[in-house]
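Take a look at this one chain, the form predicted on its own, written out in C-alpha cells.
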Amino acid sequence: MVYKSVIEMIGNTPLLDISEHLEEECARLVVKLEMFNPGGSIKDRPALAMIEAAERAGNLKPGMTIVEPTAGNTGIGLALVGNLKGYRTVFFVPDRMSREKILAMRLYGAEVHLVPKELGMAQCIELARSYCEEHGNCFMTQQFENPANPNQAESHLGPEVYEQLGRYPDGMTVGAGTGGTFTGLARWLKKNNPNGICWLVEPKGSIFGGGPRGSYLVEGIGNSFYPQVLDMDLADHVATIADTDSFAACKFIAHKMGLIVGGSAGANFHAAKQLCRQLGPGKTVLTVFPDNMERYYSKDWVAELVED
C-alpha cells in the first residue's frame, strides 16, 4: 500500500508473541508494538482522534492553535498531526521529561513551555488553560478529560488486536497516565470477554493504587491525580511497579527480544509476567510497549543500564 500522508500510517501496529520469554506454566503473552507509529509512540492514536473529533464538532478550525499539557508523547503526536493539518501547537511540559521528547515536539514546530517538575501535571493543566484564556482562538485538547482519548482505544486499538490475534485476550496489563488507553482497552475487553482481567499498571509514586504520592523516573504512566477519562472501576488490580523493576525489564527486553523500549513498556511487561503466572496455560494476556528507549537516551537510568 502506498500512503499519501504520514497520518494514514497511524495505527495497525504489529502484534508480537513473546511467550517464549516467560517461565513454564504461564499464559501466552502478546504485545502491541506501539513504537511503530510514525510519531514513535502509542500517543499518536489519541492525538489524531482528539483533533479529528474536534474538527467534526466545529471546535477546531483553520487558523486556531492547539494547546495541551503533556508529558511529551501526546505532545509529539499532536505536533505531528497538527503540523500536517496546518495548526500551530503550544504545550506545557513538566521539566523532568526527556530532552528527546522536548526536541521532537520543537522539531515538529511546537512551542514548548517547561514547568518545574515539583508543580506537577496539575500546574501544566492550569497554565494551558490560562494561555487559552489570554490568547484566544485556541483549542485545548484536554487529553485527561476528552472522551475521544479512550474511545479510540476501544474502537480501533482493541479491534486491531482481535483481528491480529483471532480471539479476545483473557487478561491485559496496561499502564495509565491519562488512563485513555487503559480505559478504552478495558471497555473493549470486558464488553467482548466479560471474564477478562484488566490490570492497570503504574510506577511506585503514582496514586492510582492508593499509595502516597512520590517521585518516579518512568515517564508517560502514573499521575498525582485521577484523570476524568480514567475509569478505575474497570481495574481488577493496580500493579504498582518500582522503577528498578521497570528498567531491569527494559534491559531484558533489549537483550532477549531485540526491542529497545521505554520505561513504561518495562513496567507493563513486569506486570504482564505476574498476570501470566496467575492465569496459567491456555490463557492469553495482552500488553503494550508504548514507545522506544531512544526517546530517553539522555536520561541517567539508560546509561546505568548500559554500565550495569
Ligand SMILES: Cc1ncc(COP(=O)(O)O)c(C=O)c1O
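One rule holds for the numbers: they count along the sequence shown, beginning at 1. Small disclaimer: the values here were computed from a predicted structure and weren't measured.
This protein has a second form, the form predicted in complex with the ligand, left out of what is shown; the following refers to that one.
Remark: residue 181 counts among the residues lining the ligand in the predicted bound form, judged by a heavy atom distance of 4.5 Å or less. The shortest heavy atom separation between residue 221 and the ligand in the predicted bound form is within 4.5 Å. Heavy atoms of residue 175 reach within 4.5 Å of the ligand in the predicted bound form, making it an interface residue.
Although the partner is absent here, residue 141 sits far enough away that none of its heavy atoms falls within 4.5 Å of the ligand in the predicted bound form. Contact with the ligand in the predicted bound form, defined as any heavy atom within 4.5 Å, is confined among 233-241, 104-112, 213-221, 164-172 to 213-221. Scanning 291-307 for heavy atoms within 4.5 Å of the ligand in the predicted bound form gives 291, 296 in sequence order.
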